[in-house]
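There is one chain below, alone, in structure tokens, taken in the form predicted on its own.
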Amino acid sequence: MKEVNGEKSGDTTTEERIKQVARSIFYQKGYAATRTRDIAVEANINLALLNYYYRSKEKLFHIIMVETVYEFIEQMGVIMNEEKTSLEKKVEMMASTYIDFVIKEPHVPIFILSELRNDASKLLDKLPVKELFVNSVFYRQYNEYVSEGKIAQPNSFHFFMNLMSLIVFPFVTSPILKSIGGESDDQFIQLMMERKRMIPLWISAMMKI
């Protein structure tokens, strides 16, 4: 095990502690205001050891975000592949789960947009997004609803785009929306919590479920 300035590297406990501390500080201060020195002090390690593991603040942030998004996609996969729940219930659960997730992980939407703009293939190669959707019970149920005449729109991607837009867009544009409406952060979160109930109703009306 290598030592860096008197501290042992290669310790997965230390590595995980750095990520946990960094996540907390990123959320408290935001990415721009966070310094690697702040993370090192809070994690009770020296800066050299932090740099040994993660090289830079940018790399550490990227690792945290990719892991966070992957964990969320796994969560969504459980919902989308539940055999016993209806398509309507899946929409309700997906909206609720995603809203709760972004309230807890506020950096994620902007991180994803930034990564997709810079190099979409690099991020998508790490995340099984296509496989999750196309091979899901959700996708099968949608097509069954179409064949039974319960949904007027035969293209499932319109359905999925509408759903994701209703959930994601308010978070991405929250500074503008809060400025227009004069809402505080807490008031905006309350609005998003109300959307848990409203989004399934809107989707149902749009797609004629």
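Just so you know, these numbers come straight off a predicted model, no measurement behind them. Residue numbers here begin at 1 and follow the sequence given. Only the largest set of C-alpha atoms that superpose within 1.5 Å between the two forms is called the rigid core.
Missing here is the form predicted in complex with a further copy of the same chain; even so, the following discussion is about that form.
Since the partner isn't included here, can you check whether a further copy of the same chain sits close to all of 28, 33 and 195 in the predicted bound form (heavy atom within 4.5 Å for each)? Every residue of the candidate spot has a heavy atom within 4.5 Å of a further copy of the same chain in the predicted bound form.
Going by a heavy atom distance of 4.5 Å, is residue 81 a contact of a further copy of the same chain in the predicted bound form? No, residue 81 stays farther than 4.5 Å from a further copy of the same chain in the predicted bound form.
Are any of the heavy atoms in residue 155 no more than 4.5 Å from a heavy atom of a further copy of the same chain in the predicted bound form? Contact check for residue 155: yes, within 4.5 Å of a further copy of the same chain in the predicted bound form.
Contact test in the predicted bound form: residue 86 vs a further copy of the same chain, heavy atoms, 4.5 Å: No, residue 86 stays farther than 4.5 Å from a further copy of the same chain in the predicted bound form.
Just checking whether residue 179 would be counted as a contact of a further copy of the same chain in the predicted bound form - the rule being heavy atoms within 4.5 angstroms. Flag for residue 179 set to yes.
Considering only 145-170, what residues come within 4.5 Å of a further copy of the same chain in the predicted bound form, judged by heavy atoms? Going through 145-170 in order - heavy atoms within 4.5 Å of a further copy of the same chain in the predicted bound form - the hits are 153, 155, 157, 158, 161, 162, 164, 165, 166, 168, 169, 170.
Once the core is aligned, please say if the CA of residue 141 is shifted by at least 2 angstroms between the shown form and the other one. No, its C-alpha moves less than 2 Å.
Using a rigid core superposition, assess whether residue 164 undergoes a CA shift of 2 Å or more between the shown form and the other one. Result for residue 164: no, shift under 2 Å.
Large Cα move at residue 126 between the shown form and the other one, threshold 2 Å, rigid core: Yes, the C-alpha moves 2 Å or more.
Where do residue 29 and residue 173 end up in the predicted bound form, Cα atoms closer or farther than shown, with a change of 3 Å or more? Closer together, by at least 3 Å.
Distance direction in the predicted bound form for the C-alpha atoms of residue 65 and residue 102, relative to the displayed form (3 angstroms or more): Farther apart, which means the C-alphas of residue 65 and residue 102 are at least 3 Å more distant in the predicted bound form.
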